[in-house]
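There is one chain below, alone, in structure tokens, taken in the form predicted on its own.
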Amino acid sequence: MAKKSTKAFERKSAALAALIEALGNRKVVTEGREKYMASFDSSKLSFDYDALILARTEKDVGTVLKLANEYKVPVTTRGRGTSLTGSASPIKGGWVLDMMKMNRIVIKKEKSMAIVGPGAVVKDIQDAAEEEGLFYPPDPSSLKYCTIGGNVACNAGGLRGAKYGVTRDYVVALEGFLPNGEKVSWGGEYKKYATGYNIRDLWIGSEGTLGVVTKVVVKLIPKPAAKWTIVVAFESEDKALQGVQEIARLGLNPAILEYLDCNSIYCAEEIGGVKLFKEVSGKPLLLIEFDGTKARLKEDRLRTLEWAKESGIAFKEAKNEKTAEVLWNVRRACSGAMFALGNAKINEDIVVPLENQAKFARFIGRLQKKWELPMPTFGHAADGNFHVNIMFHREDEEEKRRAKGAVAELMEKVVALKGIISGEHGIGLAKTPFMTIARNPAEMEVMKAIKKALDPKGILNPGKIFDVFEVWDKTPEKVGLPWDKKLLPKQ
């Protein structure tokens, strides 16, 4: 055993020495706070590892992977680390490959495309596109921090998903490296591509387990001319989610349709101090935004107001962008305010089909009573992507036990309702216990076969998706991240 440990240590030391020789000391960090901060993502599940690599060029990435493949060193690729599931936590140690410096953004207006590095922040891509009168729709809530590489890794969505789709719908091409350091290109700067297997879409949503992206070509669309926002309060969660179906039946196609249940509203109003209606308090809401031409918005507004008067108990529309911000404050306030209900949160991003949403809302009510824990639920109702926040106190073993039971029951119910266990966060570490109820054995075997074919030595982001990990067995780091506390605009 000692001999085996010695050989492993010698191989690790040789690999690190070769890495430093190839890249230089400035790109390889082996100690200090910078290295520590890359030992976890937004899940704050920290694991020790050997070196943080600050990649600046494609050559750096190719070099790292060739060495990692040669020495069988695990490699976890990361951007800013906004993932909530532990997908960017180096559970198997090895090397962490930081792509933040590879952040170029080139807008090609004539092609309606952007050529971006994996470290480009999504908000920066949106801003650069809008300067040219173009629009990049995917908008995860962490868009001011998250990178396009991370968005590709988990196929991120966001508030505008129902009308505009998710990251996959805008990725035209990917370039990068296989785990052995060989350069590959999946697609190019053209709109048609039917030459061989579509490996591009295999990489999207694979959480960095099949390859490392170094360039992304994304599609851009014309920027909408105008937008209009309204918030509608309902008597119950059932009524609110029935309202989502009514909007669909009316043929209305909002850019954003957000649902907030009574618990979420309680957090926003009583804890966050953000109230929209004087006459109505503590009622579930739908926050709705339309965009498009002014003529189209005029028609959508009239039809939506007519529906709101019939189906809701109160509504408020935005007259301009400033008042729209006031309406959106309630959505922003609820998430941070939830921590008054518990110092720990299990945030599940499940998806439920439109026809089963009301059943799901009733189930959440029963689940809270059974496990005696608050579970504020909000999310992107038009595409059924709900964020269920199970709040508990981590130091309380009994509450932790109940939270664990609630999560398991939640996932089983989601699958029973013909839903899926993750819409935009991915599997990472946190959802690994539920993969076998979400996917049947044949599907699991196909995915494992793909992983083995593209990464035969298993060095890319190992321990994710397939290996069961219990988040309850590890205490998260007590550290603040830039996106943990969001400042609200003044009302």
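Note that this is a predicted model, so its numbers are computed, not measured. Note that residue numbering follows the sequence shown and begins at 1.
A second form of this protein, the form predicted together with a further copy of the same chain, is not displayed here; the remarks below concern that form.
By the 4.5 Å heavy atom rule, the three marked residues 111, 182 and 418 all count as contacting a further copy of the same chain in the predicted bound form. Here is the short version: of 137, 117, 243, 187, the single residue with a heavy atom within 4.5 Å of a further copy of the same chain in the predicted bound form is 187.
Put simply, of 334, 154, 148, 232 only one has a heavy atom within 4.5 Å of a further copy of the same chain in the predicted bound form, and it is 154.
Contact annotation for residue 383: at least one heavy atom lies within 4.5 Å of a further copy of the same chain in the predicted bound form. Remark: residue 401 does not count among the residues lining a further copy of the same chain in the predicted bound form, judged by a heavy atom distance of 4.5 Å or less. When a further copy of the same chain is considered in the predicted bound form, residue 465 lines it closely, a heavy atom lying within 4.5 Å. Shown alone here, residue 198 lies within 4.5 Å of a further copy of the same chain in the predicted bound form, counting heavy atoms only. Residues within 4.5 angstroms of a further copy of the same chain in the predicted bound form, judged by any non-hydrogen atom, belong to 190-198 and to none of the other stretches in 190-198, 338-346, 391-399, 306-314. In the predicted bound form, not one residue of 27-49 has a heavy atom within 4.5 Å of a further copy of the same chain.
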